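Shown below, as structure tokens, is a lone chain in the form predicted alone; questions about how it binds or moves come after it.
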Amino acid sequence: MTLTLRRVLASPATIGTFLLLVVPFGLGWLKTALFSPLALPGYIIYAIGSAIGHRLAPQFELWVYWIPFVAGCYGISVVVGTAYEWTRAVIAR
């Protein structure tokens, strides 16, 4: 099995990781009662990203940092998906 860009960008591991990072944190952000321990990785990524963003451009509101948060989570998900697909290809040999 060859490792293609399309396969890495839309693999189940990539999509699953992205949903795991964004959805629990998004639910907790909408309503505090919905925060769960699953939101911790997303919360850490959001806190680090918003701290850097606030340092670079303090005039922006906090909700603006959702755009880099979602992009960063997708980047992390692509790395996880690539590792998963590469490992799967090596094992299949």
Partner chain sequence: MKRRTVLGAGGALAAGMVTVAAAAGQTLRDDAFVSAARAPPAADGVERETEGLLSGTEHETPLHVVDAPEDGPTVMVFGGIHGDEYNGIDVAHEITDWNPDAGTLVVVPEANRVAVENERREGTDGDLNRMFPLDREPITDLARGIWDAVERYDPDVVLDLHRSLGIFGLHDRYVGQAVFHTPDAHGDELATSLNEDLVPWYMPAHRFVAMESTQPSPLLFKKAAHELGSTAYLFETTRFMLDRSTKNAFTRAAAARVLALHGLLETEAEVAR
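Positions refer to the first chain, counted from 1. Note that the structure is a prediction, hence the values are computed from the model and not measured.
Quick note: we don't show the form predicted together with its partner chain, though the next part is all about it.
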* **Any non-hydrogen atom of V79 within 4.5 angstroms of its partner chain in the predicted bound form** => no
* **its partner chain contact in the predicted bound form: A71, any heavy atom under 4.5 Å** => no
* Asked: Is there a non-hydrogen atom of A47 within 4.5 angstroms of a non-hydrogen atom of its partner chain in the predicted bound form?
  -> yes
* Given that the partner is absent here, does L9 sit within 4.5 Å of its partner chain in the predicted bound form, heavy atoms only? -> no
* Structure fact -> Across 15-29, the residues having a non-hydrogen atom within 4.5 Å of its partner chain in the predicted bound form turn out to be I15, L19, L20, V23, P24, F25, L27, G28, W29
